[in-house]
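Two forms, one protein chain; structure tokens for each follow separately as structure 1 and structure 2.
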Structure 1
């Protein structure tokens, strides 16, 4: 796994206060947020979202896109923080810092940028390549934080891009701020369209060199695992013909093999491939009236020729959630949904039961593999042995939020892991962490602001010292004769 150092060297405890900005460029939309941390694990969030114009996604110059983003930040401040914004503008031209700002009068901003970057500091990251339909060659190889800051400065906005944020790290930070009790959060994980995790590691355990500057006082750093790429060689992961076919027909064969068995983007496709295989078998009675002595819906089971069942990605993972949630005696909800979404008309109870069993097997495997990732981090941390406090984990994503019993299946698997067991699993607390790209990004900006204060001496004191050092010998002492020239 990549195990990327994030330069974030602390997590919040819920007592933090202040007003921070966060922006999120994750795809075709751009979101601007302000987050007021109340200091009691609660916060108030205000945000706007705008679509990125198509022409800016493939602009000839990075300045075109980042200038647009800076303009959205300006509009947001004027609309939602007009008084604060105007006060900032009036105070902007001061001599209390090298940049013409007073620290307490600047909005610190966390920048969630969901494209591949090589990070070299808490607010430094070079764009490796564009994805998701963006293609601006001029920006590749440049520091994205600097590109945004440059456009912010051209508009004379009192905003500093303080932190470059990965959404998984944001999930960790958001959970740590809002989690109950005194225990800080160990791990933030996303189980949704994709999957990834970030956790707090002791710096002494990090084997790869960490370039750039970071706060060494905590002895810790958040690591972005990029665990979606775990075991691409398939030395350990389970493998089926359906996994092999999915991978072979994907846009990135041979990569993200863990993610392809866990995340919501792929689970529906695995179910679809299994069902198609069943339909091809001569002895199969799936979706035929022969499956049921008498079809209790009094009509013939038929499949629409244009069904998504025979098309790649034609079965959405949300159908698995409906199957898991349907506890009606005849599975009538699921049967109706098979008709609505897949064009399978008058499916019998036995058909629906077969679908439910296949979906359950795929979903349960995903949950148990998710537990492997979580359990590995818990064991690495040794938290279960260091104290009797809960081990707190923050999670986000559609699977853990909306897939019935997904977390229950994770706990069942944690209890089966050697070194954790049933008693250890009871001490692992998994809670939803909402809005990591907003609240989490703001909290990382807060951490970055704290690092600035620790790293940079007060500018006025520094200026006084330099003046004294340079001119001290020429300033006459009391009682000495002076000559004015």
Structure 2
């Protein structure tokens, strides 16, 4: 796994304050929000959300996508922060007057970008590769903050991209800000379009070189695991013909193999491929009856030939949620939904039950694999042995939030893991980090704004590293109680 150091060296405690902007490019949606941190573990949040147009996910140039994002930010500011926006336009003409244009009038923005990036500073990071169906080759290797800032500047918005945030890190920060009690959060995890996790690691356990400056006082750093790409070689992961087919027809065959068995974008597709395979088997009676006499709805089952059932990505995993939630004896909600979303008319009870069973198998496997990822981090942290406190985990994403029993199935699996067991599982506290990405991004933008003020000029850093290299000594940093000999 990539195990990317994030340069975030601590988690918040709930007393942080201020007004920040945050945007989140997730995979399915783009969210823009402003967050007022009240400093008492609460916040006020205003937000808008738009679906990312499919054609922009595979646009020919990065500008198409990032231009669209900047436009959404402009609209948000015009609607929700009109005063600030107008004042900014006025001030721009008055740069020289005392109450004229000043840097602190600019919104600090935390940019949640939920794709693998090589981060080289708090607001700098180059895209390693696209995932989740995105494919815009000319963005790969570029600094995504710069790409967004360019488009923001073209629109002359009063916004500075202050922090680059992975959604998992944002979730971790948000949960730590809002979580009950003084226990700080160990892990932030996403189960949405994709899946990933970020956790607090002891710096002494990190074997990768960590270049550049970071706060060494905590002895900790948040690691972005990129666990979506765990076991791309398939040494451990379960593999079915449906997994193989899904992977073969994806935009990135052989990559994100864990994610392809766990997250929202893929679960519906696995179910779909399994159903299509069942339909091909002569001995299977799924969605067929010779006449209405064999159907308890007294009409013959038919499938609209144009149905999503026969198209790649044609079955959204939210249908699995509906199946899992339908507790009616006749499965009438699910049968209605099969008609509405898949054009399967008059499905019998047995059809619906078969659908529900397949969906359950795929969903339960996903939850159990999710538990493997969460459990691994809990074991690595040794927190179950170190204290009696709860081990706090923040989660976000439509799958974990809306799929019924997803968390229950995760707990079931955690209890079965050696080293955790039923007692350990009880001490693991998994909480939804509601609006996690927004609040988390705001918190990281806050840290970043603080760093701007205390910024050490580059030449000083240069001098420091030269001295270290040549004399093997360290020039003390502000606040360090070392004397140079």
Ligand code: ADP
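Here the rigid core means the biggest group of C-alpha atoms that line up within 1.5 Å when the two forms are laid on top of each other. In this text, all values refer to a predicted model and were calculated from it rather than measured experimentally. Numbering follows the first chain given and starts at 1.
Visitor: Sort out for me whether 1 or 2 is the form predicted alone.
Guide: Only structure 1 fits here, because that chain is the form predicted alone.
Visitor: Taking the rigid core as the superposition reference, indicate whether the CA of residue 31 shifts 2 angstroms or more between structures 1 and 2.
Guide: Moves: yes, 2 Å or greater.
Visitor: Under a superposition restricted to the rigid core, does residue 128 display a Cα displacement of 2 angstroms or more between structures 1 and 2?
Guide: For residue 128, whose C-alpha is compared between structures 1 and 2 after core superposition, the shift is 2 Å or more.
Visitor: Using a superposition on the rigid core, decide whether the Cα position of residue 77 changes by 2 angstroms or more between structures 1 and 2.
Guide: Comparing forms between structures 1 and 2, the residue 77 CA shifts at least 2 Å.
Visitor: Once the rigid core is matched, what's the CA displacement of residue 60 between structures 1 and 2 in angstrom?
Guide: Shift of residue 60 at C-alpha, rigid core superposed: 12.4 Å.
Visitor: Core-aligned, what's the Cα displacement of residue 47 between structures 1 and 2 in Å?
Guide: Comparing the two forms, residue 47 shifts 4.8 Å at C-alpha.
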